[in-house]
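Just one chain follows, in the form predicted alone, and it is written as structure tokens.
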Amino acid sequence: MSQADALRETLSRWNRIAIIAAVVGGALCGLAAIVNLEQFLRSYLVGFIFWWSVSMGCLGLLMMYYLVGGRWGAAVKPLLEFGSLLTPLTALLFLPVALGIDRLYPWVQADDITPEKALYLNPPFFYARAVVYFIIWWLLAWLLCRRTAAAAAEFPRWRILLSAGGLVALFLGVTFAAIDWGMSLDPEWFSTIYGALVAMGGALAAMALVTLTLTALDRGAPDTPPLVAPLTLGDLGSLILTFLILWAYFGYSQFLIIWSGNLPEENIWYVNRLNGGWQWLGLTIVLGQFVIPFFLLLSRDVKQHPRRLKFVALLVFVMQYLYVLWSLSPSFHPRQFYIHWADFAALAAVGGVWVSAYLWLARRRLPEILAANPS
């Protein structure tokens, strides 16, 4: 069996697993919606925001590659395109959130919200902003990923210029979307670095995902040359480490600023997440999302070994989901650790759909992956 056939079979097997996860998770989500609609929407919001951030991370990394180049980007460019092209799918997955805002966001029915905030936090404007976000993201993804004769060159000038302006537009869009969909769960709380933290988390998760995909495919074709060169794996590991440090810096900066200010309307966000059991999940994230990967990725032997790097990438990816859960769920259950089975059902449903589409594109365009990683 050739390398291409072996990898195609591996992708098909993974895709079947993703479809099963989507079907089972969707069925459980339907049951959760019948039993407790409010809890289903809360769980769904966490799952949606995580997978949406992965798509945005793929789009941001793709534009970063067009701006700075590098063998890391050449190796993962097809995978980044696959994640970026799923932007319309994330728009469809957003519909349950849009239809359930009256049960998710307290500002929808609040009578004590200030007039200034009411100008921004109101359903019509909320929907209008979401439409604008998705249109901008979809246009950026479509323009960057489309195949044209004029784009035969690896770095056509129009793509470089589009990436320069698009990266700014993407960052602003993700920042405001994070405020709308995440921070407004606590309408009295605010943080100027919240959007940047979400954007960096998405970039970190996206880099972990494409690295995980390549390193896992490296084991999908036995008795064939390695899919990715060790030096390229080292570059991917170094980038995960870089984004990890930036993510930790943003997170620590937000905590330090709020802790130093010690204002009740600001520190309540951390009070709710550092009490009642949530602090143990937070400690797990600090260890699993930063401390352990940080020290592992300092080793060149780890970064250039497919199996070891795959473990680190998987750890970072899972921990990023737990961070999203830790940052959102306490808004519904302050100072009381509460994990519902619908959280895992929603993660499987949304993730199964997203990953299935991602793997379908990977299987359909496998020659591009192989061409980007010549043995």
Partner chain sequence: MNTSDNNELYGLLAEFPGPEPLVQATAQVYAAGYRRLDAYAPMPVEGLAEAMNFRRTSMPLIVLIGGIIGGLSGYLLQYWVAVIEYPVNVGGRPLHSWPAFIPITFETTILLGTFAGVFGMLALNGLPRPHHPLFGVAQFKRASRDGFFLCVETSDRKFSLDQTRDLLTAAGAIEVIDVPR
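Because the structure is predicted, anything quoted here is derived from the model rather than measured. Positions refer to the first chain, counted from 1.
Although it is not shown, the form predicted together with the partner chain is what the next lines describe.
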{"property": "Answer range among 253-261, 207-215, 76-84, 187-195 for contact with the partner chain, defined in the model of the complex as heavy atoms within 4.5 Å", "result": "253-261"}
{"property": "Any non-hydrogen atom of A128 within 4.5 angstroms of the partner chain in the model of the complex", "result": "no"}
{"property": "The partner chain contact at R300 in the model of the complex, heavy atom, 4.5 Å", "result": "yes"}
